[in-house]
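Okay, here we've got a single chain as structure tokens, the form predicted on its own, with questions on binding and movement later.
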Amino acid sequence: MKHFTQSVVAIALISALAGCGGSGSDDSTPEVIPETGFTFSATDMVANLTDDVIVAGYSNLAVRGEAMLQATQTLVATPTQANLEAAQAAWKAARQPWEQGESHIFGPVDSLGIDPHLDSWPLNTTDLTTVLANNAGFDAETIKGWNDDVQGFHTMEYLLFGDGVADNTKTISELTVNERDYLMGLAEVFRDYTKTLDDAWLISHDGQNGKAYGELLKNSGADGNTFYSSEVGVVEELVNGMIGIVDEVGNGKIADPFGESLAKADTSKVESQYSWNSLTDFSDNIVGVRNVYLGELEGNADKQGIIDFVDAANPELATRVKDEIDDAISKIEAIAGDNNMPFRQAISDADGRVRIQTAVDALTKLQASLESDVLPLLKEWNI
């Protein structure tokens, strides 16, 4: 809208100058060039996204990491079916903020190697079997020295839910004493890493003398900030984060196991297949995109997000992208169909594959809009 107003004023000015000209006009009069682009103050938006979306999400993850540890400690002390199911619920609860946070998977989660520590996939079941056969009395420090593919979310998932082939349930009688002990050690390691990630955003990005990463994001261009020289770089990082996870869900998490045909579907590539939590993972990934776009976690008060930046340049585009995000989430959730079919089964079901392709198409459309329409706005931004 700002662009339109300036252009009208500039055109009117040009017309007025032309009217005052004629054969006797001075050819040395400077040409008036209409201003292009748009203006937007991003300071409040960046502060809000940092504090109320990113840091709030990681703090929530840390709280749920602590709850996950407590649930496994209770399970070891009192191994009942109810306590096993409580630990399963704690795993799913921790999974939500992590998956939603993949829409901004930059900064300490990358530089500190937190991502592979928490979410390596696929799980190395061969090494896991060896670890369980040759060790006992697992402690957190020892586990931290082992490969990432025998710790983190998916190792805990396998121990809690079973192999996921026929069902995603497990009885307490199927969970050995050694598996319970390992699970508790894994949960302690998990809790430590989620706290480290939260501290990196709130206290120090490197755990030493560096500033909190949240302060670096909010204070681009400040003295000593070698991460971000301007708000352009910050907004670009945020938009690219959204693009990255939309691409990963559509072209990786869904497309890889989906395959080119029913005959080429590969269930071994389905992430979170043991708990049958895949579709929740995928939809949470795009809910995370919506959180960044709208500027608030679901249910919180309306504040500035990327939508306000886009709206300053093109209100119609701002609304269209929001609708495409909502549509992608809806299409992912619809993969389950009327009988709540898990993604692991849907890739091998003819009707399920139609629903999956519909979701992939929605994600492709959203990704194209973010890449071709939203990201280029950075070049039109008169900052």
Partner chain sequence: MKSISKHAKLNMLAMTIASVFSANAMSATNPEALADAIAKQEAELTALKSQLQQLAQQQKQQQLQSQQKEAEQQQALQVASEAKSSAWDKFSFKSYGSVIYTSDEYYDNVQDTSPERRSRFDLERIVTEFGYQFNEQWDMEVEIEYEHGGTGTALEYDGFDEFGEFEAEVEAGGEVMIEKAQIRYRPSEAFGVKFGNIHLPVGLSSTLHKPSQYLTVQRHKSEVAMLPAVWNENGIGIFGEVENFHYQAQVVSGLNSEYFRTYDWVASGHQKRFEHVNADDLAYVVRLDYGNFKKGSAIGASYYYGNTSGNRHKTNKLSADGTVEILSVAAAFVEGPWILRGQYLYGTLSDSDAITQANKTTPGLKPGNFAQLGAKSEAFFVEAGVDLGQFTSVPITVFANIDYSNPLKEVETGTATKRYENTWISAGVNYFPIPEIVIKAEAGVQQVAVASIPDTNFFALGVGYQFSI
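Numbering follows the first chain given and starts at 1. Since the model is a prediction, treat every value here as computed from it, not as a measurement.
Form predicted in complex with its partner chain: not shown, discussed below.
Heavy atoms within 4.5 Å of its partner chain in the predicted complex map, among the stretches 119-127, 309-317, 173-181, 276-284, onto 119-127 alone.
For F106, no non-hydrogen atom is located within 4.5 Å of its partner chain in the predicted complex, even though that partner is not displayed.
Proximity of D167 to its partner chain in the predicted complex falls outside the 4.5 Å heavy atom cutoff. With a 4.5 Å cutoff on heavy atoms, K269 counts as touching its partner chain in the predicted complex. Mapping the unseen interface onto this chain, G299 falls outside it, with no heavy atom inside 4.5 Å of its partner chain in the predicted complex. Note on the partner interface in the predicted complex: the residue among D148, E188, D199, E231 having a heavy atom within 4.5 angstroms of its partner chain is D148. Comment: its partner chain is not present in this chain, but in the predicted complex one of A86, L112, V239, L216 has a heavy atom within 4.5 Å of it, namely L112. In the predicted complex, just one residue of 201-224 lies within 4.5 Å of its partner chain by at least one heavy atom: Q208.
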